[in-house]
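For reference, the chain that follows is the form predicted alone, supplied as structure tokens.
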């Protein structure tokens, strides 16, 4: 059982960490950051929720699912979702690398274009963000699977 201070701290800190994770993910193709550090920070936020509450809280309170007590941890619906996220990320990483080969470029070559956004003006949009998305999914899916299974032991 955790304390009220821990739960209150989690409610304040988790949104801040998630906003920072998204910021680092988006700027990653031009500046330091990207899929890996964004994924690690996202896992940090989820781990804080797990410590303050538990996996069943995320399952019932956040996702609105029923928890089956007879199901083992490896078959838990949230863990299965994390595994699927890991697999999806791995497929995106491989596909983003192979997509450059089709037009004759090198493996993992990237390109960019400029997009005009109403409030931001001209913004560079690089194809590397797709690779970063794959890395993000691999990191989040893999680490949350490990933390959920090991944390439940």
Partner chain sequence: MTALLALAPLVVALVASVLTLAVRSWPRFQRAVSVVSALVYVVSVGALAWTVVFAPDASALVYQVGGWKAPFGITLVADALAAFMLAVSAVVVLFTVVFSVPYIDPENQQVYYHPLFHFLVAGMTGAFLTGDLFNLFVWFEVMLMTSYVFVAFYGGARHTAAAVRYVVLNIVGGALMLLAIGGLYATVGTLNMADMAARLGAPGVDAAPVVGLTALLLAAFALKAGLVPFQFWVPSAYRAAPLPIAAVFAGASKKVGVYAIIRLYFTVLGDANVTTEVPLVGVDSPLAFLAPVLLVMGLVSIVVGGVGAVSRKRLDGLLAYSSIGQIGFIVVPIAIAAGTSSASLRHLGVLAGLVYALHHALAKSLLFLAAGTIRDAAGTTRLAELSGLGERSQVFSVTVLVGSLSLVGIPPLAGFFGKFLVFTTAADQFATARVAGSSIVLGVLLLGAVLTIIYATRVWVGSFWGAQSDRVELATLDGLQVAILVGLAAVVVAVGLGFEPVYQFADAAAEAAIDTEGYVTAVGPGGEP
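Residue numbers count along the first chain shown, from 1. Note that the coordinates shown come from a computational prediction; the quantities given were computed from them, not determined experimentally.
There is also a form predicted together with its partner chain; it is not shown, and the following applies to it.
- Contact annotation: residue 106 falls within 4.5 Å of its partner chain in the predicted bound form, judged by heavy atom distances.
- With a 4.5 Å cutoff on heavy atoms, residue 113 does not count as touching its partner chain in the predicted bound form; it lies far away.
- Taking the partner from the other structure, its partner chain in the predicted bound form has no heavy atom within 4.5 Å of any heavy atom of residue 50.
- Contact check for residue 99: every heavy atom lies farther than 4.5 Å from its partner chain in the predicted bound form.
- The partner is absent here, but in the predicted bound form a heavy atom of 90, alone among 43, 37, 90, 26, sits within 4.5 Å of its partner chain.
- Proximity of 5, 7 and 57 to its partner chain in the predicted bound form is absent: no residue of the three has a non-hydrogen atom within 4.5 angstroms.
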